[in-house]
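The chain below stands alone and is given in structure tokens; this is the form predicted on its own.
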């Protein structure tokens, strides 16, 4: 890798694209920044906010710009493939928001093209870049809990935030949009040990009564080839004004020689105000009380952005300059996570056990 200065294209100027562009604009190696969105006005607003050099409503124009040598694909989940393929064709390293794609076939096509072109591609599973999860991975890698026998996880959020997700992409179900983070985490912790079977059950009322064909609750059991059993669960319909800004997860890793218990509800960090404070994700949704540090992407504080998305953005840009290794999800890891996540959806829908045959 011989990049000395960064020319960054951010494709998609929504919530996450705005964060990526803001982080890129602040990076000391940034020489050039262009932002794109199919809605030109939104791209222009982001250009002004970040001081980007250019804004466009043409994704290819941004990706192919001669100054660009790094591409963030921050479009909605159902709009990843075209921009990724364009960047691969032009030989430019890519950071794409999770998931890699919504179909296994699209993931395979992307991986084949990237490997043939020698293009590096990573996926933004930002949960990996929270300090707690990184420390858990380090203890596992050091062998301090021994062989993993099982894991237990659950994640909650409010119906108000899930409605914002559905507005962005109707295919972004709680499983495909959120539980996928914890599929990635479980597979990351298990290393080279492959998942082989998925069983799941699902139920929902809240969003169906609102006219959306999604279930807010899904629980799954994933069996790995060494016999380890992983239980993952999601409920994304807590009351609208429940005091969280984002994902409220717990994760327990049970090993032969030790255990790691991660409680990330953040109920020990309570903020209350009679004035009301804006929700970090839901527009026009002030709350009086919140558990601080629950915004899944991170938080603006004392003039900078802190948290998982800031960490994973900065370390990827650093990696492009220095070549230092990072913990980002690789393309093949991302494909595995998509396959397991889709199997959860299928198992939940059919009530059948789904056998996985992963490379």
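Being a predicted model, the structure only gives us computed values, none of them experimental. Residue numbers count along the first chain shown, from 1.
Beyond the structure shown, there is the form predicted together with a small molecule, which is absent from this document and is the topic of what follows.
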Looking in the predicted complex, any heavy atom of residue 124 within 4.5 Å of the small molecule? yes
Quick one: is residue 304 in contact with the small molecule in the predicted complex, heavy atoms, 4.5 Å cut-off? no
Residue 98 within 4.5 Å of the small molecule in the predicted complex, heavy atoms: yes
4.5 angstroms heavy atom contact with the small molecule in the predicted complex for residue 79: yes
Just one of 332, 319, 30, 38 has a heavy atom within 4.5 Å of the small molecule in the predicted complex. Which one? 38
Scan 184, 130, 216, 177 and let me know which has any heavy atom within 4.5 Å of the small molecule in the predicted complex. 177
Looking at 323-331, 30-38, 62-70, 47-55, which stretch has residues with any non-hydrogen atom within 4.5 Å of the small molecule in the predicted complex? 30-38
